[in-house]
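Take a look at this single chain, the form predicted on its own, given in structure tokens.
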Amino acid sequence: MSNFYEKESAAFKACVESLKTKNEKVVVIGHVRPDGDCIGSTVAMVRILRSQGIDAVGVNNDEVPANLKFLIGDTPFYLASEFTNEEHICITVDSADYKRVGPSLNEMFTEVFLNIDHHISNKQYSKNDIIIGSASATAEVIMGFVLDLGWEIDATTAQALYVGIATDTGQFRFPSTTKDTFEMVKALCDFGAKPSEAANELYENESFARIKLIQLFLASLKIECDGRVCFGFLTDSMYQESGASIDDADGLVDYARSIEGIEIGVLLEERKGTLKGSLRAKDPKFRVDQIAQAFGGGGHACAAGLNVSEMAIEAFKPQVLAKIKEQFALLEKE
């Protein structure tokens, strides 16, 4: 047995034993507009619980993105609109704020039994909160439980956890990637994860509509703060022109961050009356989660997001830029 998260793994095991003893039905849910860590963690948690004799299903407010559907396999996984709650106990994964699972699921499940996450901004809204902010992904947290408890997982579960870790670490490029991350990935490969197959599904099947959206996004990039910040924009008209879906915007903010000399990349995206902001930093010292929190958002030190209503990009950009400049000024004083 390993010793990644001894205390938290024991707490997780106690929760599982409680569910087994009471013969509970469980629903595992993640955040809206799910990404690789959200879907991978949901699939893995459902399968782990089922392997422990618990009747568990996965549910999300939104459709599984096309490039992540290969993870589902034979896992019972439903849209919220398709799901009927039959006194299920709710577990959330990868959701720092319970509001992020969507209003329909908020109404369906007024209480959360277990909240598993790695966001340092997690609001700890459940009866049992297991938050490990040092982990690179929620999938890494779950894999730590598996290894600490000496449990076996099948290849589908291993692939789901691998994708969760690989995507949330930017293919192991981000500062959150550690020695533990690679130890867990090795164990996942031993359990049957196939990195090359995952990479092919994730990165070698781009739609032409997404490529056109990327082209429009790159044309929108603007450099600010003497070359330290890069803003990019996605408007409703860009989606219409390219024929892309909102799923196609996943990861575009990384282009803004990847430019030489840029320390923070920002994507501001119109979404039918709502403005979504994504912030990415090259160094955790910039604490973009604190910038996002100023607008009701949150996330990680290097990756955070926010949503505001009834605000145009032109009006909101100066507000975000002002907060970024405040963050730079604070760091310069230290």
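Residue indices: 1-based, along the sequence shown. Model, not experiment: these values are computed from the prediction.
The form predicted in complex with another copy of the chain exists for this protein as well; it is not shown, and the discussion that follows is about that form.
### Query
Which of these stretches, 217-225, 105-113, 92-100, 132-140, has heavy atoms within 4.5 Å of another copy of the chain in the model of the complex?
Looking at the partner contacts, the answer comes out as 217-225.
### Task
Only one of 124, 85, 258, 245 comes within 4.5 Å of another copy of the chain in the model of the complex by heavy atoms, so just point that one out.
Only one listed residue qualifies here, and that residue is 258.
### Query
From the list 33, 287, 276, 282, which entry has a heavy atom within 4.5 Å of another copy of the chain in the model of the complex?
Answer to the contact question: 282.
### Task
Determine whether any heavy atom of residue 152 comes within 4.5 Å of a heavy atom of another copy of the chain in the model of the complex, and answer yes or no.
Flag for residue 152 set to no.
### Query
Can any non-hydrogen atom of residue 72 be found within 4.5 angstroms of another copy of the chain in the model of the complex?
Answer no; every heavy atom of residue 72 is more than 4.5 Å from another copy of the chain in the model of the complex.
### Message
in the model of the complex, is there a heavy atom of another copy of the chain that lies within 4.5 Å of any heavy atom of residue 175, even though the partner is absent here?
### Response
Output for residue 175 is yes: heavy atoms within 4.5 Å of another copy of the chain.
### Query
Heavy atoms within 4.5 Å of another copy of the chain in the model of the complex: does residue 189 have any?
Output for residue 189 is yes: heavy atoms within 4.5 Å of another copy of the chain.
#### Entry: Residues in 171-206 with any heavy atom within 4.5 Å of another copy of the chain in the model of the complex
Result: 171, 172, 173, 174, 175, 177, 179, 182, 183, 185, 186, 189, 190, 195, 196, 199, 200, 203, 204, 205, 206.
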